[in-house]
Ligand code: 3EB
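In the form predicted on its own, a lone chain appears below as structure tokens.
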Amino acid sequence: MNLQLISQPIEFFPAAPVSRETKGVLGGALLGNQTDVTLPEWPVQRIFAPLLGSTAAVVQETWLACLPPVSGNDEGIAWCRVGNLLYGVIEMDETVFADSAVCSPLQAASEEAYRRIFRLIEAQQLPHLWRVWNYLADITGESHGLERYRQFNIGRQDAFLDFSRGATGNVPAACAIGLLEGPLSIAFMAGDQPAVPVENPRQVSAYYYPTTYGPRSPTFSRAVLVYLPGQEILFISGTASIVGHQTVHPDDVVGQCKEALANVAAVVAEANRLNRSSPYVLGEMSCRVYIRHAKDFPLVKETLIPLIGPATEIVYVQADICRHDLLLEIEATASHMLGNC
């Protein structure tokens, strides 16, 4: 199929987006200041977060396939399908769930969003959730007696369990990132074959975290390998400075950067034990690096580039991480061909 991720810095809008007439566009994301954005016609996740170290107002990331897509909108999910692969985006307004008597609005919105996702991918007969990108406002803030990230984890896991999906083991790669404001935004990829989960031997699997981190553990794998016809894709989840289950190098952004990348490298090594293609290397990855404090960007870049290589495609974003003591998070994607498209 030859699915490809392209990243296009855009200095101003409106801009001429990639045309569906010339490319099979599955979907994508817009990151940055989107005040005057003209949205493309395909499913797009809007990530309202400042770009760091870029003169562009917006970075447009687009997934391209070598086949024409089929698109639709179900229960508020804008989606496109190409062969055995589906990409979708849903935004949920928490205030719609403000009258819930049993849980917080965010927990209810999270559960409902995932319920809709599961209904869609089962109806499309593409039931395996591969990769999920979650963004929510004020991720480490507290309301209704509980940190918001923990509320989100309860809602997400409830939906997994309600649809008879396990909350451990074969769960998707994912990130959960905090923005200043905006709706709960979830983008996802799903397919007809199960992903191959990849865990990090340096870390406790997130779904086995102790209750210190909340009443429900996060429902994601450290990474997954997924397969399209003739192609293998490695999705690495949001990865931070955590060893075992504990944050290390508090208040030290350089130390956290090195530790987060060491964890990415450990996941890559583990993926290379399980993959069907040639070995993955750090320098071929497409990365997003989320940095809590904009002032730390020069140090993060100065630390990261010698370790990962100057040719690596990296988008730097100012955003909140899911723990108060985490200063940055790295996520990555790479793909290898297994044959011709």
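All residue numbers are counted from 1 along the displayed sequence. Everything quoted here is computed from the prediction, not taken from an experiment.
There is another form of the same protein, the form predicted in complex with 3-(2-carboxyethyl)benzoic acid (3EB); it is not shown, and what comes next is about it.
Checklist line | 3-(2-carboxyethyl)benzoic acid (3EB) contact at P183 in the predicted bound form, heavy atom, 4.5 Å | finding: Taking the distances in the predicted bound form, the answer for P183 is no, it never comes within 4.5 Å of 3-(2-carboxyethyl)benzoic acid (3EB).
Note to self: At 4.5 Å between heavy atoms, is I242 in contact with 3-(2-carboxyethyl)benzoic acid (3EB) in the predicted bound form?
What the structure shows: Result yes; I242 sits at the interface with 3-(2-carboxyethyl)benzoic acid (3EB) in the predicted bound form.
Margin query: Given that 3-(2-carboxyethyl)benzoic acid (3EB) is not shown alongside this chain, does P218 nevertheless sit within 4.5 Å of it in the predicted bound form, heavy atom to heavy atom?
Written below: So P218 counts as contacting 3-(2-carboxyethyl)benzoic acid (3EB).
Notebook entry, point to check: Is there a heavy atom of A174 no more than 4.5 Å from a heavy atom of 3-(2-carboxyethyl)benzoic acid (3EB) in the predicted bound form?
Noted result: Close contact exists here: in the predicted bound form, A174 approaches 3-(2-carboxyethyl)benzoic acid (3EB) to within 4.5 Å, heavy atoms only.
Note to self: For the interface check, one of 73-81, 218-226, 122-130, 88-96 should have non-hydrogen atoms within 4.5 Å of 3-(2-carboxyethyl)benzoic acid (3EB) in the predicted bound form; which one?
What the structure shows: Heavy-atom contact with the partner occurs in 218-226.
Check: For this chain shown on its own, do G178, Q256 and D320 all sit within 4.5 Å of 3-(2-carboxyethyl)benzoic acid (3EB) in the predicted bound form, going by heavy atoms?
Finding: None of them does, since no heavy atom lies within 4.5 Å of the partner.
Checklist line | Contacts with 3-(2-carboxyethyl)benzoic acid (3EB) in the predicted bound form - residues in 296-312 whose heavy atoms fall within 4.5 Å | finding: Nothing in this stretch is in contact.
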